[in-house]
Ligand code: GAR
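The chain below stands alone and is given in structure tokens; this is the form predicted on its own.
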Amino acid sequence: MLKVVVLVSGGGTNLQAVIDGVEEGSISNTEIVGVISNNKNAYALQRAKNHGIEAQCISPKDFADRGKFNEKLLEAVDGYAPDLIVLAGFLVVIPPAMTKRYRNRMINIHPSLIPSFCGTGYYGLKVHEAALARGVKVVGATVHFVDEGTDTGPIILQKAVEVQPGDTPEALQRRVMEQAEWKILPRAIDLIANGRVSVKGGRTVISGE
């Protein structure tokens, strides 16, 4: 059974997609053992509680410096003894010690087709604003392992979404969530839970496909 901890900062729509996948069985062999947010007002915390999942807030605002916060965050994550960490809209820089400890056991969902519109400064609505400003015809989402860079780890899954005439950043964001993010994040977790994802030479290999 894959033990998963989900880290979130906001509403938790991707968290909900994962919860639904586990409950419906599309994500097999998996248990969400905890949810951690850096924002005490994140609705994601309530989503977790609604499904009987332990949830807690660890905010940088509650610590004298970032080093203390990093220590507490890693301590909280370690406390769940997870097999996999899922970053589902977690807008906090991951402590280097966590990246090292959970090498190839921490994944992130990013709302673009990496390497487009990714890296420092590209998050949330900013990704979709940039895509529309550039005039691209196809956008999408990417699930990748987390390494020391920003959106630079080995790619696991990607799914494309077409830009429609008259799209606003908000409309495009919603379509990318519905058509890509909420589909490939649960799929990636299921693949990992069933031992089908490995990293070789900095790239992922998915067995059986």
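As the structure is a computational prediction, the values presented were derived from the model and not from experiment. We number the residues from 1 along the sequence you see.
There is another form of the same protein, the form predicted in complex with glycinamide ribonucleotide (GAR); it is not shown, and what comes next is about it.
- request: Within 4.5 Å of glycinamide ribonucleotide (GAR) in the predicted bound form, counting heavy atoms only, one of 93-101, 130-138, 106-114, 75-83 shows up; tell me which.
  value: One stretch meets the cut-off, namely 106-114.
- prompt: Looking in the predicted bound form, is glycinamide ribonucleotide (GAR) within 4.5 Å of a heavy atom from each of G11, A88 and M177?
  reply: Looking in the predicted bound form, the three residues G11, A88 and M177 all sit within 4.5 Å of glycinamide ribonucleotide (GAR) (heavy atoms).
- request: Could you list the residues in 119-146 that come within 4.5 Å of glycinamide ribonucleotide (GAR) in the predicted bound form, counting only heavy atoms and keeping sequence order?
  value: Counting only heavy atoms within 4.5 Å of glycinamide ribonucleotide (GAR) in the predicted bound form, the contacting residues of 119-146 are Y122, Y123, G124.
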